[in-house]
Structures are given as C-alpha cells and as structure tokens.
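The data below hold one chain only, encoded as structure tokens and taken in the form predicted alone.
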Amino acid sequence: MIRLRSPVMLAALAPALGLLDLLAYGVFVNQPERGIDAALAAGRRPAAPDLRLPRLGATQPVSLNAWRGKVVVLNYWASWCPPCRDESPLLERWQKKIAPRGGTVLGVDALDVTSDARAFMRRYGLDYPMLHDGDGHSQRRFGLTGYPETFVIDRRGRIAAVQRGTVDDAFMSRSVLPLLEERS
C-alpha cells in the first residue's frame, strides 16, 4: 500500500497539482465574456460595451455612441477570414436596405493590416462605416470567440441579438427589421 503522506509521494504530486492549477487558471482567464449571451438568453438587452476605435485608415477614435439613435449591425471581421468574405455582400445589401430606415452596418476590422482591409473593402464594394482595431483589444468586451461575429444594437445602445459566425438573411430579418420599427 502506498502512503500518500510520504515525502516522496508529495514531491511527485506537487508538480502535477501545480500544472493542474495552472491549466485551471488559464481556462478561467481565457474564458470569453458570456454576460452578453446570458443576458440575451434571459430576455434582457444588455448595454453595448463602450467602443472607441478609429475609422479604418484614420487615427482619431470614434465612439460607438456616435450611432446612438440608429439600429447598428456591428460586425467584427478580418480580410484573412474566409467566412467574412462570404457574408460581406449580404452585409452591403442590408446596409442599403436599412440605411433609409435609421439603421447602419458598422464594420470592425480587427487583427488586420489596414492595406489588406482597404483592398477587401474595394473588392467587395463595402460602403458602410468601418472602424479598425489593429490589436484586437476591443473584442474581449464583446466576448468574441472567432470571426465573423455580429451584434445587433438597438436605438438605445443595447445589444438585442448576437450571431457568433456568419449572418444570413433569416438572422438579419428576425433580428434587425423589428428594431427598425421600435421608437428610441
């Protein structure tokens, strides 16, 4: 029978327990913020996190609050992301559809090179406003887990829907159109 209190056994277990602690800490710290998802699942609309980023190609930051009063389809993307390429024409089509009704698509190009992002915009004919988060610092506040991800924000600055992955017409119809009818 092995005695667990022997010094040899404790010395052997100490590194293993230390590694388990380190692993648990890493999982806890790198867990995406799921407050948004939990609030939406409970039927609440959480306030959109504060976002201050420069427009793509500029240096002066712009606040997400600049679009308060509009329904905002906030889309995180990158030029190197194949699914982002797939959904870009749909987002541009929806920009044209919702802009006259008080809505906008607002892109956030993240973890990307500005020249690549601009080439992407030209290639896909994207005319909606575009912000740039070169180092990706803003994505933690939204709990991003990958690209693309889209947050639908109502006129009062609250998140009404989230799509972790590509959006489609059904998501946009279900999540955006009713908000365009709401008063702020």
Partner chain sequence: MRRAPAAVLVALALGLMPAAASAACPRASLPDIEGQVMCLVCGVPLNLADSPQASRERDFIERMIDRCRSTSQIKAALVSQYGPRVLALPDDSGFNAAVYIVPALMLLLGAGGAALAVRWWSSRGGGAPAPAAPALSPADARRLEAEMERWER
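Note that this is a predicted model, so its numbers are computed, not measured. Positions refer to the first chain, counted from 1.
What comes next is about the form predicted together with the partner chain, which is not displayed.
Participant: If contact means a heavy atom within 4.5 Å, which one of 134-142, 64-72, 153-161, 38-46 is the stretch that engages the partner chain in the predicted bound form?
Facilitator: The contacting stretch is 134-142.
Participant: Does Glu87 reach the partner chain in the predicted bound form if we count a contact as any heavy atom within 4.5 Å?
Facilitator: Result no; Glu87 lies far from the partner chain in the predicted bound form.
Participant: Might Thr104 be said to contact the partner chain in the predicted bound form, defining contact as any heavy atom within 4.5 Å?
Facilitator: Judged by the heavy-atom cut-off of 4.5 Å, Thr104 is well away from the partner chain in the predicted bound form.
Participant: Can you work out whether Ser79 and the partner chain are in contact in the predicted bound form, taking contact to mean some heavy atom pair no more than 4.5 Å apart?
Facilitator: Contact with the partner chain, yes.
Participant: I'd like to know if Leu111 sits close to the partner chain in the predicted bound form, meaning any non-hydrogen atom pair within 4.5 angstroms.
Facilitator: Flag for Leu111 set to yes.
Participant: Heavy atom within 4.5 Å of the partner chain in the predicted bound form: which residues of 140-161 meet that condition, in order?
Facilitator: Stretch hits: zero.
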